[in-house]
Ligand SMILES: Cc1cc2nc3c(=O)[nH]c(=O)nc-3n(C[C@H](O)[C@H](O)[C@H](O)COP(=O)(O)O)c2cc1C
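A lone chain, given as C-alpha cells: the form predicted on its own.
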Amino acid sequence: MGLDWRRYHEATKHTPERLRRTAHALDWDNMPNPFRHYEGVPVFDLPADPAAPEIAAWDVLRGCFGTEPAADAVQLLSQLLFYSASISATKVVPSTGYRYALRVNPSSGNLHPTEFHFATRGLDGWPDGLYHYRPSQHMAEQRGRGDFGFAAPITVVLTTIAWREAWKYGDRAYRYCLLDIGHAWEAVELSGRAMGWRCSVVGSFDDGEVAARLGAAPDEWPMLILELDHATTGIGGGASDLMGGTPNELSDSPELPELIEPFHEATCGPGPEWRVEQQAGSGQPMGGRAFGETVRGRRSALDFVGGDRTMTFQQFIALLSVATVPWITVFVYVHRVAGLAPGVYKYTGDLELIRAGDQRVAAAGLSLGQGLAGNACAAFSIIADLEGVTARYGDRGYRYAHFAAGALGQRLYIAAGALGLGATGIGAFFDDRVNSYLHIDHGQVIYHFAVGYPVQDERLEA
C-alpha cells in the first residue's frame, strides 16, 4: 500500500525526541559497497584525464556553452562522465589506513546511492547501445546493443539504490537519495554544457517500463532521464539486444526501513508531464577559474574557518545569482558578509531582512548542532512549496522539489569553488524548528547549505 507525501514527510522530520529515541549503532559489517558493477558484459575503457573543457566555471553557470568539441565519441563520453560522475580524490583514515573515494558529484555521507546508466545513438565511432558507468575504474559496461528507445544521441538515466543511504540514515534516507539525484542531474547538465551539449530533463515516465528497458538490478529505481543533444550528431535506430550482466551484491543483508518502499511506490505513477528544457544564457563570458579545475576540486567542507574572515558582498551576490529554481525559496543566515549586517534574509530576487542580529548559534542549532552552519560566512535554508508541486504533479512532485533543491545545491557548490570558497550540503536539521524560526507559513524546509572558507582536511589525498 502506498504512503502519501505528507505522512512520509511528517514521519521523517528530525526532532530532539526522535533523535534520542532512534539513535543506533552502524553495522559496519553490513555497510553497502559504494560501487555497482554489472559482471559478464563487455567493458569499454574511457580515456583517463580527458582534455578539460576550455570554458570558465562561471560562464557555464550563467548558461554559456563550450565551443571546443571532443576529438571523438570516446573522448566525448569520457569528458562527460569525468566531469560529472567520476572519482576525484581519496581520503585515508589515519587510525586504520582505510581509504575511500570522493567523487565530483556529492552525496550524503559519501554513500553515493546514484547510478549512471546511459544509452547512445548515432555517435560516430561508438556502438549504439546501453551502458552502465563504472566510476571505480572510469569504464563503460556495455549492457546492450542497438536501439533502446531513447531518442537523444546520449541519454543518461539516473537510478537510486536507497539501501546505500538507508543503512546509515533510516527512513529519512529517501529524502537524501532524491537530493543526490538533483546534484547528479546538475553535474551532468553542467558538464554537457561545458562541452557544447544541451540537456533536457524528463521526470515523468513509467518507472517499471524504464527499469525493464534498462534491465537494471531490482534494488535500482529509475529517477530521472537526461537527454543530451548536439547539432553535429546523427541519430541511429534499429533492434536492440539486452545483454544485462549480473549486478554485484552490495551487502549481505540489505533491508530497507519500513517507510521507504511504500512511499517510493506512491511516487511511481508518471502523472502529468514534467520536463525541463535547458535554455542558453545571456551576456558575454566573464572568464575566471576553469570549469574542469573547479569541478575536479569540489569537496564537501567538514567545517569552516570562523573568526573574522569575511566573504565579500560581490561574492555573496554572485552566489545568490545562481539560487533561483522553481518551487524553491531561499533564506540566508548572513554571518560574515562585508557590507551586509548579520541576520536572516529572505531571497526572492531581492533581499528582505527577516531577523536582525548574530545568527551563528541559531544556524548551528537548527542544523542539529552542526558547528559548520555557524562557522560558515553564510548558511542557507532551502524551502520548497511541497503543497503546490504535489497539487500539480501528485506525490511524484515530492521527487521534483527535492531534485530542484539538489540541483540548486550543486550550482552553489560550483559557484563557491569558482569564487575561491568552500561549501557543503546539510541534509539534517530540525524541520519544524526551522519552519518556525523563519516564520514559514507556506512551504517546508528540505535542505540546508553552507558556504565559507573551509578548514583543511588532513585526510585528503588528491
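Don't overthink the numbering: it's just position in the shown sequence, from 1. All figures in this text were calculated on a predicted structure; none of them were measured in a lab.
The same protein also has a form predicted in complex with this ligand, omitted here; what follows describes it.
Asks: Within a 4.5 Å heavy atom cut-off, is residue 413 in contact with this ligand in the predicted complex?
Replies: Yes, residue 413 lies within 4.5 Å of this ligand in the predicted complex.
Asks: Would residue 46 count as a contact of this ligand in the predicted complex, using a 4.5 angstroms cut-off between non-hydrogen atoms?
Replies: Residue 46: no, not in contact with this ligand in the predicted complex.
Asks: With the partner left out of view, is residue 115 within 4.5 angstroms of this ligand in the predicted complex by any non-hydrogen atom?
Replies: Residue-level check for residue 115: no, no contact with this ligand.
Asks: Any of the heavy atoms of residue 426 lying within 4.5 Å of this ligand in the predicted complex?
Replies: Contact with this ligand, yes.
Asks: So which of 389, 290, 372, 276 gets a non-hydrogen atom within 4.5 Å of this ligand in the predicted complex?
Replies: Exactly one residue meets the criterion: 372.
Asks: Heavy atom within 4.5 Å of this ligand in the predicted complex: which of 203, 135, 245, 106 fits that? Just give me the one.
Replies: Only one listed residue qualifies here, and that residue is 106.
Asks: Heavy atoms, 4.5 Å, this ligand in the predicted complex: which of 32-40, 54-62, 391-399, 427-435 makes the cut? Say which one.
Replies: Going by heavy atoms within 4.5 Å, the stretch is 427-435.
Asks: Establish, in the predicted complex, whether 67, 194 and 198 all lie within 4.5 Å of this ligand, using non-hydrogen atoms for the distance.
Replies: Spot residues vs this ligand: no contact at all.
Asks: Taking only heavy atoms into account, state which residues of 296-316 are within 4.5 Å of this ligand in the predicted complex, ordered by sequence.
Replies: Stretch hits, in order: 298, 299, 300.
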